[in-house]
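A single chain, nothing else alongside it, follows as C-alpha cells in the form predicted on its own.
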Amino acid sequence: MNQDVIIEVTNLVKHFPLKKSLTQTLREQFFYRGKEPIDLKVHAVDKVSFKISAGETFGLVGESGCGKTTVGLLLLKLIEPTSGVINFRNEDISQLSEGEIKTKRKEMQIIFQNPYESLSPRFSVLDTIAEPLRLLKIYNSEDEVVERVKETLKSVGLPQTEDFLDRYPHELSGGMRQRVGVARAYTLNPSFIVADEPVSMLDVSIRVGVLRIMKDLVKKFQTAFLFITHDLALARYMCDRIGVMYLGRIVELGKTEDVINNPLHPYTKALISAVPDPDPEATRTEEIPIVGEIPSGLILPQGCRFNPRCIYAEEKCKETDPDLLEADPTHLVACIRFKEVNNLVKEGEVE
C-alpha cells in the first residue's frame, strides 16, 4: 500500500450551537433553573484525529448520530469546523475561504447515501457525469467530454451506448443509479473520496457488485477513501483500517482485522457481539454488552462518554475522559481500563 498520506485530521471539532429561542426554553424548563446559564451546543465531533494514505480505505463505524457523516462533511469543507486541522496534501485547508477551497474541489468528491435523491431528475446520465467536466472546463471540446464520460461508465460496469447516455434517473435501477454516482465522483480523477453509507439504500443482492467496483477503483487510482457505515460486515470487506466512533469521539482505531478480531474498547465489543452469527450451530456466551440509552450530544456524561452504559465502568471512569492510548503501535483505544477489561495486565503490573 502506498504510504503517501493524502489527508490527515488532527483534533477536529464541530459543535452546533442551539438556536437562541430553543436554548432559552431548555434553560428555563429543564437544565439551569436558578443557576448561571451557559451556552448549549451539540458536540457532534470532538477531538477526532486520523489519516488516510493513497490507495487506502479508512472506515468510520458506529451507531447513528455518533458523528460519522459530520466528519465526512468537515473533510470536504461542506461545513466549517469549530477547530482542528485538516491537512490535505500537506496544506491546512481548515481555514480556507469558500473561494480558496474551490481550487481543491476537483480533488475531493463524495458518493452520497441515497441514489434516488442524489441525482437530478432533469439531468441525463451524460449530463450528470459531464457536469463537473464542463464547469471546470477540463476539456476543449464536447467530444472529449463524452469520451471521458464513456470511459468512466466503463470503469463502473455500465453501458457506454448513446441510448444509455440519454437515460434519466427514473429509467435506472437503484444499483445503476449508484454506479452513476460513483462514476460522477471519479470522473475528475480525485485523490480523496468520501462514501457516506453508499450501499445502505440498495437491495442486498446488488450491494456486493457496487462495493467491489469501489474497492477496485480505490486500488486502481490510488484514491484515499473514507468509507462511512454502521455495518461492521461492510467495513470488514471494504476497509484497511477502521475507527469506531461513539458520541463524537473515536474510541478505537486500528487495522480492520485487529479491531474486529481483537476488540479492546467495551463499545466495540458490544457492536461486534450484536452482529448475528450465520452459523446456526455456533455457540457463544454473551454478556449484556450495553445498558441504557445513548446520551444526548447536548449534555455529555462526566469523564468517559461511554461510562453510563459500560458494564466495566468504575468510579475513575467518571473522572477521566481518555484520549486514544496505544495497545500497540497500530491499535489505539480510548479506555483507561482496557488492559484490565481484556486481561492484558501482566503479573505484578500496577494499573
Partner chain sequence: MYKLQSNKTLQRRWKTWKKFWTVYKSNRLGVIGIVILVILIVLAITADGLTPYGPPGPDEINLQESGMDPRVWTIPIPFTTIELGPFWNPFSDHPFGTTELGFDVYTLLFFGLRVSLAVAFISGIFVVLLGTIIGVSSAYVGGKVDAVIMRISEVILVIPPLPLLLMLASVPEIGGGTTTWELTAILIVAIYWPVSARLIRGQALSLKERTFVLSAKAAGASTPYIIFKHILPNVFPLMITMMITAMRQAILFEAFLAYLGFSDPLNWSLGFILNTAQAEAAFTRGAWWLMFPPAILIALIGISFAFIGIALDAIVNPRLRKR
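Numbering follows the first chain given and starts at 1. For clarity, every value in this text was computed on a predicted model and none was experimentally measured.
There is another form of this protein, the form predicted in complex with the partner chain, and it is not shown here; the text below is about that form.
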Just to confirm, P121 within 4.5 Å of the partner chain in the model of the complex by heavy atoms?
-> yes
Does L133 make contact with the partner chain in the model of the complex, using a 4.5 Å heavy atom cut-off?
-> yes
Contact flag, E162 vs the partner chain in the model of the complex, heavy atom cut 4.5 Å | yes
Look up in the model of the complex whether L271 has a non-hydrogen atom within 4.5 angstroms of the partner chain, and give yes or no.
-> no
Answer yes or no: in the model of the complex, does the partner chain come within 4.5 Å of a heavy atom in every one of Y186, R236 and D240?
-> no
Select, from the options 112 to 120, 219 to 227, 251 to 259, 85 to 93, the stretch whose residues sit within 4.5 angstroms of the partner chain in the model of the complex by heavy atom distance.
-> 112 to 120
In the model of the complex, the residue from D166, E144, E100, E151 with a non-hydrogen atom within 4.5 Å of the partner chain is D166
In the model of the complex: members of 314 to 338 within 4.5 Å of the partner chain, any heavy atom | none
